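For this one, two forms of the same chain are given in structure tokens, first as structure 1 and then as structure 2.
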Structure 1
Amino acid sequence: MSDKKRPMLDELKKGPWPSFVKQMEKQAETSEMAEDALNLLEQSYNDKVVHWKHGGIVGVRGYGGGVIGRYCDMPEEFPNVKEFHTFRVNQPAGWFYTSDALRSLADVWEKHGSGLTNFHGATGDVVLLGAPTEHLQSCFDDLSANGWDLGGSGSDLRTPSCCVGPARCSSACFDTLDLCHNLTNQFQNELHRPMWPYKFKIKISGCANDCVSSIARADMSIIGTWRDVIGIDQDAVKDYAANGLEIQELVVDKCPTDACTFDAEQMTFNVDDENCVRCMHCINKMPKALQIGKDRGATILLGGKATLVQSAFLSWVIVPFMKLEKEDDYVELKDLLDKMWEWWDENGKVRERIGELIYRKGMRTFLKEVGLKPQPQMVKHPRANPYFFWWPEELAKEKGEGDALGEAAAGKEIKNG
């Protein structure tokens, strides 16, 4: 490691919390690329300018995504990072790794790149930071030989990600790991070859706790739910109360739809399941006493994104309940994805996410094109005008049915007369 002073970065090493600077300095002891990356970062803090530029498209044979081009705009001063490309490596479902798998990944990266990693990027991939152009193909070949594949980047399907689901969580309403793995395998072409107006993210959460923040960050959010009653163990409720849990204050009063009640004398807890919105709050507070229902599936939501063309959106409901118990159930979800992507591809503008397109074209247009029926759960806000509108074919259908009923009634009168 060089003796070059980096006072700005030294500030980031102070305090009791972990510091990425310390970790980069460790890697800089054996990597010139990591050393120059630190020096360039110090320069950026001093100049208050990011010294990275996008100078062209890079990639590997057969893939349109997965590698992000990065070039330094001060190559003479920082020659070891004049090319500092990023690999996105497709993570296993739920981010479960074996030690051997991680070692194989680290060995490949230290051979071809800077050795700097990010576990994980916002999309979910393993991010390998810093490879020269001449090593891109050979690095990919070694990754592939060790069982790794690239994730998505650019205007394609980004790498699907999910929570740990049934592997570690008793509240998972379906097998998030299996669904994530299945969708990743099914949509390899959409994942590796950019073909759309912009990116599309799928994030899968096993319950409404939404541990992968899908509702705020995914174009399609798949969130586990149930449609029968919450299971209640009244003896366990009594134990919670006896051990000091303020059930009325911390559970009942926090219910968003006032669906919970607690009888302090009888020490019994009840839920009005018709008014329950399955938010998980009561279950989170009393997991030994309350369990998710047995008729389980998922709610499908659409449109979540950060600010870009328009403001940030939270995804909204398009399918209130869908069974996802086995692979045969996935067919309905995949068919819906294909219809949505086709409509978006035909109508979307450059860099327009599907949620922004629905906002521009209108939900009723979207629902008609993908074959979904309007449902109350889709309502985003109360009506803004007092008028009702019908499609012309709906009016024609109603008129035809009305004429048929009128003729039938007239015939009946003649017969009876």
Structure 2
Amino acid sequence: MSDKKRPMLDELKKGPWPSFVKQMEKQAETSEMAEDALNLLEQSYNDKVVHWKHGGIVGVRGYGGGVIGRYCDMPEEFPNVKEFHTFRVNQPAGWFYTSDALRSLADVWEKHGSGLTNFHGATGDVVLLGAPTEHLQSCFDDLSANGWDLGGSGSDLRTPSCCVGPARCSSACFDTLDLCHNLTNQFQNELHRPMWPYKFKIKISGCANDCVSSIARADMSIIGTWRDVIGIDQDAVKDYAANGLEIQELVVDKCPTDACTFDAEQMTFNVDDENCVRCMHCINKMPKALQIGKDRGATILLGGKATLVQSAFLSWVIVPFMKLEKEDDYVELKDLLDKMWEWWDENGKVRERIGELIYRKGMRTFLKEVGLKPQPQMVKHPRANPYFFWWPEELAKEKGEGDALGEAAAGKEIKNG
């Protein structure tokens, strides 16, 4: 181990919050990579600039993604992080682990990498931070031998993730873990071999609380909901009231559609289910008294992504309600995914997310291509401008020029006619 001084990083060992510097130093006791990672970071702290270069293409046999290449721009000074690639290891659905599973990862990573990790990456993977090129294949081999596989990177399906759902939550409207696992396995090829215009993310939340931020962070957001009524245990309501919960102020007054009421005299709570939008708020506030409905499924939303290029998009509703039963193997959802991907793959430009493609091409084109019916739930409100299109079959043909008009509306370019 080198004895370089790191006065900057030393400052970050202070303070009550667990220190990543201490984590790195601990690994640096046994790993020269970790040591140089620290030294390089100190260099960045001094220079106020990053010292990593664009990663070249690195990887393991049979995979187009799952490893992020990373090279240091001062390889002479920091030879042990000259190559410092990361693995994205597909987490188990819901981020549950046995202690042995964790140890198996630790052992592989001790052998091949820096010993540094992220539990987890923002997409959901286990991120193993920093291995040299020559270790990539052997590291993967050991991971695989221990039952681990890689997650996504590049222009592919990214590792799906899901909330804790039925494993620990009374609000789960379907089995988020099972769906996540099922989709991940169904689409191994899409996950491992980049071939699309850009990345595609799926995130799965069991209810409208959206504990995996799917609407903001996934191209497809799957959000649990129900079609019938909220269950009410009036005795439990009374308990909440008796225990001082301000039901009128903190629950009823905050209902987005004035769909619930509290009778302060009778101490009863009621929901006008037809006007309830299942936002979860009242249930959140009185989990003992209120239960999600029994006719359960999910709302499917599409198009979410971060800022670049067109602006951040929040996924929008494309299927208001879909049943998601384990027994059906989620065929309806998978069919939809296949159709969407096909359309996007054919029409998308390089680095164009599916939401951006829909923005460019128009929702009507998308809906038609994937066979979805337009529904008012898809919009906050209808268009304000009068710039809408007609399909050829919707128009009356003019005498004579009927066919030309038809062709025209079908999308051909005509000159004068």
Partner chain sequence: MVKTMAKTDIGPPHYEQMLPQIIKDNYGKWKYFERVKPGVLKHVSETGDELYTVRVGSPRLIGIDTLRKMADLADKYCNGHLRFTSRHNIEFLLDSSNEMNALIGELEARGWPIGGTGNSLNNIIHTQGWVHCHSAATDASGTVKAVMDDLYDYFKADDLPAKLKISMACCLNMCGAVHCSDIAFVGIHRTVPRIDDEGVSKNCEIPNLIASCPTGAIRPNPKAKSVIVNEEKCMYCGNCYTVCPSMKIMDPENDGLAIFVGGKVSNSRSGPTFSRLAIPWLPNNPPRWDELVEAVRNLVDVWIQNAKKGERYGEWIERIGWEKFFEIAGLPFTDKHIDDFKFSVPTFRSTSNFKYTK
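Residue indices: 1-based, along structure 1. Please read these numbers as outputs of a predicted model, since none were measured by experiment. Note that the rigid core is defined as the largest set of C-alphas that superpose within 1.5 Å between two forms.
Note on provenance: structure 1 matches the form predicted alone. The two forms, fitted on their core, place the C-alpha of W390 3.0 Å apart, compared between the two structures.
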